[in-house]
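This document starts with one chain, in the form predicted alone, laid out as structure tokens.
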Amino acid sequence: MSLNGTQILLVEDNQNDLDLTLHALKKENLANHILVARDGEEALDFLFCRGAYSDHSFDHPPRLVLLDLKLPKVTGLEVLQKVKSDPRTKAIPIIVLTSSKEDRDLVNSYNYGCNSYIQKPVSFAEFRETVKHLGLYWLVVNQPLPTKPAKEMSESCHE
């Protein structure tokens, strides 16, 4: 898979949750272009085109980031804060998908700019249904920003 074809960046360190999410997305035919990051540092490397992803381009962001909060190296909240505070990445939709029931995590996630906060359901059937709905909405229904830089778009409107 080409990195520029990534539609979903799934940031998850728990193998069971990773398997469930991938299974649910595949069942709904929404898993064609998923890149998995196993920790917050790898997610930031991909999103900011550095390290192993230095050949990647800011011109081809993922359509959606599914972000767990409890991650090794760099927490999900730190990832969220860095992505949403940088003009090159702040428009990327980030869905916090977490098992955290803490109000503090919910409030901080929205304060840092998440687009949605979903607590992972306990049952497999509910989890699959949740992933199905969020995948359908964000990848099929929702209109993403064009990948063309805003400056180019405003210039092309005046031609």
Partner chain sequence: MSTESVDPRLIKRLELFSWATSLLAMLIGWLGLCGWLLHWEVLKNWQVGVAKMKFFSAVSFLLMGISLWLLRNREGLPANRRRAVTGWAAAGVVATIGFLSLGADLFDWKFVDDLFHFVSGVQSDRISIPTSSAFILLASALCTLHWKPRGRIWTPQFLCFAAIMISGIGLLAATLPASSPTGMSLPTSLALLLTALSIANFRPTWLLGGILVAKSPGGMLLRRVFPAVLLIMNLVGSLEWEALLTPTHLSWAEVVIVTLCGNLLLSMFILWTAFVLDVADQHRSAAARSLHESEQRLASIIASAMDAIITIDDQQRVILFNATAEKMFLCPAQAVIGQPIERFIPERFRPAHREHIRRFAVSAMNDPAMGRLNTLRALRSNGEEFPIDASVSQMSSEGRQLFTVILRDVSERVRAEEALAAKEEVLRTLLDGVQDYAIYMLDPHGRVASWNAGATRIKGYSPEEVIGQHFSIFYPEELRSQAYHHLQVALATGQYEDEGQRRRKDGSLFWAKVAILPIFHPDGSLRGFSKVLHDVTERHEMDKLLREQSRVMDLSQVLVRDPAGQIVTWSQGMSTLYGYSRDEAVGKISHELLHTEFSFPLAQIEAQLKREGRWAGELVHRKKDGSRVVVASVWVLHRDVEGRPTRVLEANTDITQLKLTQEQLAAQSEELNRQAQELARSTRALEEQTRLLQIIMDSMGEGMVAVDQNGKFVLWNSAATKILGIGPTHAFPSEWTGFYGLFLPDQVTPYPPEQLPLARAIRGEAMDKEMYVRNPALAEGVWLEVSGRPLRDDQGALCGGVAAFRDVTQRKLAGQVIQQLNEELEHRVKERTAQLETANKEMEAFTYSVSHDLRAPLRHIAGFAGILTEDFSSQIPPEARHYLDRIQEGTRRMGQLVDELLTLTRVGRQAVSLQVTGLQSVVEETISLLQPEAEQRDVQWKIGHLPFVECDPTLIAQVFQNLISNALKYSRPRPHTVIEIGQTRMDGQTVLFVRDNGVGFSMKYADKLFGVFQRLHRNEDFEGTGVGLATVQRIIQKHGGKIWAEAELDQGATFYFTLGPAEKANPMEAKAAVGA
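Residue numbers count along the first chain shown, from 1. Since we're looking at a predicted model, the values are computed, not measured.
The protein also exists as the form predicted in complex with the partner chain; that form is not presented, and the subsequent description refers to it.
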Exercise for the section: Could you work out which of H33, K132, K120, R38 is the residue within 4.5 angstroms of the partner chain in the model of the complex, going by heavy atoms? Expected result: K120
Exercise for the section: Would you please decide whether S100 lies within 4.5 angstroms of the partner chain in the model of the complex, comparing each non-hydrogen atom pair? Expected result: yes
Practice task
Evaluate L136 for contact with the partner chain in the model of the complex, applying a 4.5 angstroms cut-off between non-hydrogen atoms, and reply yes or no.
Solution key: no
Handout entry: Proximity of D105 to the partner chain in the model of the complex, heavy atoms at 4.5 Å
Key = yes
Practice task
Indicate whether the partner chain has at least one heavy atom within 4.5 Å of a heavy atom of N16 in the model of the complex.
Solution key: yes
Handout entry: Candidate stretches 87 to 95, 57 to 65, 43 to 51, 120 to 128, one within 4.5 Å of the partner chain in the model of the complex by heavy atom
Key = 120 to 128
